[in-house]
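One chain comes next, on its own, written out as structure tokens in the form predicted alone.
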Amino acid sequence: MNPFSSETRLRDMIRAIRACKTAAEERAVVRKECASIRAAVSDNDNDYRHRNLAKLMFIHMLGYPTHFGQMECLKLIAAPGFPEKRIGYLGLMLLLDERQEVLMLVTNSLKQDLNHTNQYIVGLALCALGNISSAEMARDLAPEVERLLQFRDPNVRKKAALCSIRIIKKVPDLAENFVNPVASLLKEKHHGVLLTAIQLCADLCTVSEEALEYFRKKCTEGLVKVLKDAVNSPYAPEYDISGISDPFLQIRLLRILRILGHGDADASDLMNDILAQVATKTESNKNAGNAILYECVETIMSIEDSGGLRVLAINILGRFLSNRDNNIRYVALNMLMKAISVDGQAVQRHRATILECVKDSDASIRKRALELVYLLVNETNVKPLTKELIDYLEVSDQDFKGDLTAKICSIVEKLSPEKIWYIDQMLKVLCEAGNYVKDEVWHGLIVVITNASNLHGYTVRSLYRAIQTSGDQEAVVRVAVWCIGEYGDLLVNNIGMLELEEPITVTENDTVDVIEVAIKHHTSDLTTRAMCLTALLKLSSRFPSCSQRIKDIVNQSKGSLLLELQQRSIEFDSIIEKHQNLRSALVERMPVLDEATYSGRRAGSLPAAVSTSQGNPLQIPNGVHKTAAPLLDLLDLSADDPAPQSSSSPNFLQDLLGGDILSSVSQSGTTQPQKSGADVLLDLLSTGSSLAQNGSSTADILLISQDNKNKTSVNALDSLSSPMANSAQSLPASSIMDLLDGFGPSPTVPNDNGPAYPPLVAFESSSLSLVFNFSKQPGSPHITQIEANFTNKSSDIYTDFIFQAAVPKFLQLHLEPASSNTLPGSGNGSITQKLRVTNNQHGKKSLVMRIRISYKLNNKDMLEEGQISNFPRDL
């Protein structure tokens, strides 16, 4: 016999394919077999059609194309005998799907088979329809399926219910046709039919509100009775699993009761007793029993229930946490996270068990338990829970320290009862896992320290002890170096001692030793070393006796390959050696940082920087937070060449302060009055960021991200006391070597109102008017002070009023905060906002500005835009 003829049996083909030693041999066997089947299809071989289709299904399962056999499926389905139909329907379900156009040809055959007298053929048709039915087929055959829901044989009724699920998913409009038949199926005694009927009922409730209300009124009591019978039924071997009667049916019943009871108090009352009975009588030492208990808890949490049943459910979850099976514990933790919003007090009773899960060996259990602990923390238990977590931090796995540290820091920051406790806990975390904390954590710690003036001495002494034992933790080193630079004199003189402190003796040389060790440590990065240099500059003023030693340490970085360190070293050396008269003013203590503003910006309500990317957060001048709209249209001004650098001293300082890296969008900040030369130098060495030119506060600078480490930017906390390096490459070497020479205090200039300019109506619409008033200071013709006056001509009040402006690159724009963010109607008041525009090409190019005004009118966002090009020529 030809091994590849139509007469070859399926088992012989399978044996031949399995005997192949290579993929090429297998492909050859399949290719020859497919050729033989094609020949049989062409010859219309009826005797072996079912055998050929069986072979095609096996070839299809191997992954080879078998589309040429699709029509053979239809021919077998149309055959009168059951064996041919069985192979035909099986091939139909495997080789075709609902997207195939050829499927339309089988609709008539399906309809005939659904009305067949042989129940097994009816079952084949229902099975095929339930697997591959399209929307068109569902509409055509729904009446037959609905009729079969009342068929005499339970197996056919079961398959008809499953097929109905597919139909209502494909055509939800047909759901109402199945409501009454399903209601009668829910009274079935046969468990198989009952299971499918419950699933069909659940799907009907999902797609139709009318069906849901109908089942609530008509079927809730019956379903409760069925569940009660299942729970209390005697032993039945055909349904028994691990001593529990049909757990699959019990789970399905609990799920449908959850749907019916959700949001309906009357339906919930009907099922309270049976839920309590299931929760108390079900055995929890078997997996089937645990599955039922879990579904029972889910149902109790979903329905409208009194607190007593919920406490019982949470206690079941507490028992789950003590189970040795990790899957059960994970499921319990997930459910407790949902339950905490319903009954937090009941969950709190299991706090000790949850804390033990944080220490579990399974990583997924640890993470989920940590998230749950985070939700459990409140003002009353924050101290003991934080202590437990910090104690575990000492022995936790390295891969878990990051998540654990982040949660502890968030808990301490959010629920700290007092500043000294906050500082103590943060220091413990930094000492244990300082390399895992994010930058904003130790930024926030420094903000809190600056606000706790009575704890400055205590904090710097605690940090001095911490850096001795945890010098390998980068965050500890940075905070300690910053505090020693600011409050080193308090450390040496033991100022601000608290009763709980032990006395400590630290000399000036000991303090400098700590900074020197940190700057030379092999793990210290650019940010840490730059902060060390700044701290040394400050200590040179605090400890005059160590000035020469500090100068020697600073000089060691003059040959650094890192431009930032090299420039700092050169400039600081010049300050220490040649400018003692300026040094004390330059290194004064940092002002108190605005804690509320910094916390709000970290939370995302007041972002610190402006971005022109679509969708990024935007800092609005009036302090109102909005999602940034695309600013490309706002900034779409003609490109201009940057202003040439001037060799004069004022312009040199202006360039160094950020004139060459101007941001096109200016946001509001603190007011900056005219300063003398010494004041400008003070700003230069106390801000160290181009943000200062835009008027950003110190809290803004704290939020500069350190992620961009490939640049020579240094963390902004340290940059608060350091100069910029951005313009160093464009300056002559002599200017870099002695940056500060030649800038003494400037003589005071008598006040003068400067030239007068007429007011300019910059923008006017039917409801809004904007008028600019101009003024200039003598000696600074390139700087224009603008006072913007906004007037509301309509009778409505505008809220959340925000003004934004953009200028070309040859201009520098600074916006001060607006007088208000509410504009009264009918001209009964106005909003004023001051702008400062610096024209680097004064006399060559005129001012030009694009503006955007946004506000809310009756809680509806409004937007006005325009371009102002009619400024006076000599501005």
Partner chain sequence: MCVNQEDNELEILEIIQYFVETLNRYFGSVCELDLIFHFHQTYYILDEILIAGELQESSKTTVHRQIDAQDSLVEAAKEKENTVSYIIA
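What we label the rigid core is the largest C-alpha set whose atoms superpose within 1.5 Å from one form to the other. Residue numbers count along the first chain shown, from 1. It should be emphasised that the depicted structure is a prediction, and the values quoted were computed from it without experimental measurement.
Another form exists, predicted together with the partner chain; not displayed. Remarks below refer to it.
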4.5 angstroms heavy atom contact with the partner chain in the predicted complex for residue 43: no
Contact of residue 400 with the partner chain in the predicted complex (heavy atom, 4.5 Å): no
Contact test in the predicted complex: residue 351 vs the partner chain, heavy atoms, 4.5 Å: no
Contact label in the predicted complex: residue 306 to the partner chain, heavy atom within 4.5 Å: no
Proximity to the partner chain in the predicted complex, single hit among 170, 419, 86, 407 (heavy atom within 4.5 Å): 86
Answer option from 318, 192, 471, 496, heavy atom within 4.5 Å of the partner chain in the predicted complex: 192
Which of 161-169, 798-806, 529-537, 445-453 sits within 4.5 Å of the partner chain in the predicted complex, heavy atom basis: 161-169
Residues of stretch 232-253 in contact with the partner chain in the predicted complex (4.5 Å, non-hydrogen atom): 238, 239, 241, 246, 248, 251, 252
Core-aligned C-alpha movement of residue 273 between this form and the one not shown, 2 Å or more: no
After fitting the core, residue 285 CA displacement of 2 Å or more between this form and the one not shown: no
Residue 421 C-alpha relocation of at least 2 Å between this form and the one not shown, rigid core basis: no
